[in-house]
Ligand SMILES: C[S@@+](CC[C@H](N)C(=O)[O-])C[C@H]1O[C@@H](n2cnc3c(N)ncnc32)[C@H](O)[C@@H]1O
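Just the one chain here, the form predicted alone, laid out as structure tokens.
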């Protein structure tokens, strides 16, 4: 990078507001379907892919308003998207100096073609691999494939889960207490809006169970400035009152979802 490019980059970042983290779905459906998935993916009954053109507009618009340290491309299972390489390219072009991860359960890693691995290398993308129990016998083989491709990766065992302890009930957690205790900070970009956390996908539960639960508020990235978006994300939202898990964490062994309402409520 030339000296002039570095100066221009730092000036651009200086004039933008900042957030530390953003995640976004490449698709809403999954090929594993974990019990109590906080993204409600088991309740997506048909393949649901993010539109590349919409995402390109969104991420380019956001890049003019917010500097972001870490971006994670996920789902659902992102490797199910036939245009995963294009999402990687578009994200890197919008955020040339962010840490970018593809977050995967690993089920498809051994089947990914060479151009996927080349795209990861070309655009300096890392893999975050969640090691779920069904793949235990394949862990060594998958790890070796990632190493052979010379791709940096992070990951760990995903053998326990938690959920919104009071979702769908009249119980309530103090908003500020829950927001302060929340270890996620999982800002989500979804269809032109950003949300405080993946609770934005509650609408999937409403659709599947024919319910009318509260859906968290999102903020239109085309309407608000970077500073306004940053301020929104730094405050608790009404939905935080359901998150007993943040204040009093509880966990249970990983299982495949049976798509029962009590998994989330």
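Numbering follows the first chain given and starts at 1. This structure is a prediction, so every number in the text was calculated from the model and none was measured.
Keep in mind the form predicted together with this ligand is missing from the figure; the text below concerns it.
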Margin query: Within 4.5 angstroms, counting heavy atoms, which one of the listed stretches 188 to 196, 96 to 104, 142 to 150, 119 to 127 is next to this ligand in the predicted complex?
Written below: 96 to 104
Next item on the list: Could you tell me which one of 230, 63, 50, 36 places a heavy atom within 4.5 Å of this ligand in the predicted complex?
Entry: 36
Check: For residue 158, is any heavy atom within 4.5 Å of this ligand in the predicted complex, or not?
Finding: yes
Next item on the list: Indicate whether this ligand has at least one heavy atom within 4.5 Å of a heavy atom of residue 30 in the predicted complex.
Entry: yes
Next item on the list: Answer yes if any heavy atom of residue 162 is within 4.5 Å of a heavy atom of this ligand in the predicted complex; otherwise answer no.
Entry: yes
Notebook entry, point to check: Even though the chain is shown alone, can you say which residues of 50 to 74 have a heavy atom within 4.5 Å of this ligand in the predicted complex?
Noted result: 74
